[in-house]
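Shown next as structure tokens: one chain only, the form predicted on its own.
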Amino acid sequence: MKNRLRIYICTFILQIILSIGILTSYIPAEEKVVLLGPGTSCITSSCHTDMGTKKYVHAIGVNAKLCNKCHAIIKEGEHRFKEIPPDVRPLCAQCHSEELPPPADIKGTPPKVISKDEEIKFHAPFAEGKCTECHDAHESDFYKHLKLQYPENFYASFSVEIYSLCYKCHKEMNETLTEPRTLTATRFRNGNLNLHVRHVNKEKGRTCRACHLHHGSKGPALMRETFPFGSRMLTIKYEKTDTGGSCGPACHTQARYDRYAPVYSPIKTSPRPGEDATEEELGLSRERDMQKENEEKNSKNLKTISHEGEKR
């Protein structure tokens, strides 16, 4: 009898202990706050000792004296910071600005200036202030402290991996840069001949930077007006038409292309794989493109109306 009573009491106590454990597991733990002494450097403290060891660094991002340029401290002496807003342009403009000089403690070349020219059509993430979609604010192992791989030179031997940064957003790029013939993957085509593939996908391919500016440009599709080639700046002379376009850079003579009425090119090039599209296929592609353009215009108009309504 006594043994049964002991077992009952022990079981009861164990149940109470377990119940307390379950209840306390749902109580949020107290926030851990790291205290910093006067003049403590984040980079030389025990938390960020490896900062500044990667191949490409953002000069201000690894400068221990300037952490508070981007990270606003909630309470002096504590390693707690206000959340960085999604639009980081005001933070970046502290250095990359036409109006403000960069901090004196930053080493290296002057930072790239963020232009406010209203004629420039900005690359979507840049226009939205999402600089950190492409760049790591501190450092990385990729050129210009980018988050993923992107070729840094005018020429590059093509592979999917070297454009991994672009693939992050442009999922359709796989077909754009690998399919020699297409009627949908790119608007830069002569009939169904994919001109992106012919420029980029080869051993000595032209990289995106040869023709496009990454942040924004005055031309359509982020097209450059000039491009650096060695110590010279050369002109592209690109002109857009409703169904194609033309360019006459120093790379080759004036060349035209048309998506629905292919233009003969006198430029000597490598063999053209695949078959030319038929007139019927080209006609259908024109109808499909026009429908897509109308849908995009309607969507843009709706966004404009909605934005204006919010302002009121």
Ligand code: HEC
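One rule holds for the numbers: they count along the sequence shown, beginning at 1. None of the values given here were measured: they were computed from a predicted structure.
Another form, the form predicted in complex with the ligand, is not on view; read the next lines as being about it.
Is it the case that Ala277, even though its partner is missing from this view, gets within 4.5 Å of the ligand in the predicted complex, heavy atoms only?
Judged by the heavy-atom cut-off of 4.5 Å, Ala277 is well away from the ligand in the predicted complex.
Counting only non-hydrogen atoms and a 4.5 angstroms cut-off, does Ile73 reach the ligand in the predicted complex?
Answer no; every heavy atom of Ile73 is more than 4.5 Å from the ligand in the predicted complex.
Report yes if any heavy atom of Ala124 sits within 4.5 Å of a heavy atom of the ligand in the predicted complex; otherwise report no.
Yes, Ala124 lies within 4.5 Å of the ligand in the predicted complex.
Under a 4.5 Å heavy atom criterion, is Lys240 part of the interface with the ligand in the predicted complex?
Heavy-atom contact with the ligand at 4.5 Å: present for Lys240.
Each of Ala64, Ile84 and Lys147 having a non-hydrogen atom within 4.5 Å of the ligand in the predicted complex: is that the case here?
Checking in the predicted complex: Ala64, Ile84 and Lys147 are all within 4.5 Å of the ligand.
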